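Coming up is one lone chain in structure tokens, specifically the form predicted alone.
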């Protein structure tokens, strides 16, 4: 990111590790819609000459003197969220994504250079890297740092229960992973809201039982009509404009729960419909969270893939070769033609 609205290639010095850190060379990289929000909407404010990217699988090339569990040559999954784990906030139970301040665990392409480079720096390597087993492909692995863990967090935030009725609003890559997570948690019926044919196909493959096309009218009315006139138990917001949170509140039944993993990159306020929220007393819970990171979380994602519980590699629709492939992938994420879900650059 050269500045708001402009990207390009620049030269920077190779980063150096601190005692607890690692330097990693990428093996696979994936551009994200968040990168588009950052550059073209200025969602994080102006940034100059900031390396983008937060979805990477790589090979360790250098470690600090205090790193115990990783060495040069190791293949690793690099979480999008790399918190500082040695803080008082962590000890007091504050979510690790905010262990120093709000969203502070999100460092790559936010407060430090990201992963779209020949080499990138990872803080606290023993706590933030996860070893990549040979049985998992680079395609599968590169969907874990953000897409998979974020989608699964949506099901966690919404507290999806066995046999429950769930609505997932937005079935881009994160929403598709939310569908898969809801199915794994035992949801009985899953409404997936989206319209792109490839996404619809994958949503059904990941466990959706019903597809709601927002082009066919109000999604709340469509779901309620199919659900015997009732709202759903859990809503996962995985995409959409500012009014999508309002739709989620209207969709949830009294006592229902809403998990938001949507990145609201524009606007100053988000609205909640007063009457559908029971004038504030409908016992509808709303929880929003940044995707979990760190080694332990990535090892859980790896276990799910290694043992065949889910295949996030199916999200990838376009592949490019070399670091320059990141530029082509970023352009696809900006323009979003109908056939795109996730691009990948194999380095």
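Residue numbers count along the first chain shown, from 1. Worth saying up front: this structure is predicted, and the values here are computed from it rather than measured.
What follows is about the form predicted together with a small molecule, which we do not show.
For the marked spot (18, 77 and 114), a heavy atom within 4.5 Å of the small molecule in the model of the complex is absent from each of the three residues. When the small molecule is considered in the model of the complex, residue 193 lines it closely, a heavy atom lying within 4.5 Å.
Not displayed here, the small molecule is approached by residue 33 to within 4.5 Å at the level of heavy atoms in the model of the complex. Shown alone here, residue 105 lies farther than 4.5 Å from the small molecule in the model of the complex, counting heavy atoms only.
Residue 42 falls outside the set of residues with a heavy atom inside 4.5 Å of the small molecule in the model of the complex. Residue in contact with the small molecule in the model of the complex (any heavy atom within 4.5 Å), chosen from 85, 119, 277, 263: 263.
Proximity to the small molecule in the model of the complex, defined as a heavy atom within 4.5 Å, holds among 51, 27, 290, 305 only for 290. With the partner left out here, the small molecule still marks one of 131 to 139, 227 to 235, 174 to 182, 250 to 258 in the model of the complex; by a 4.5 Å heavy atom cut-off that stretch is 174 to 182.
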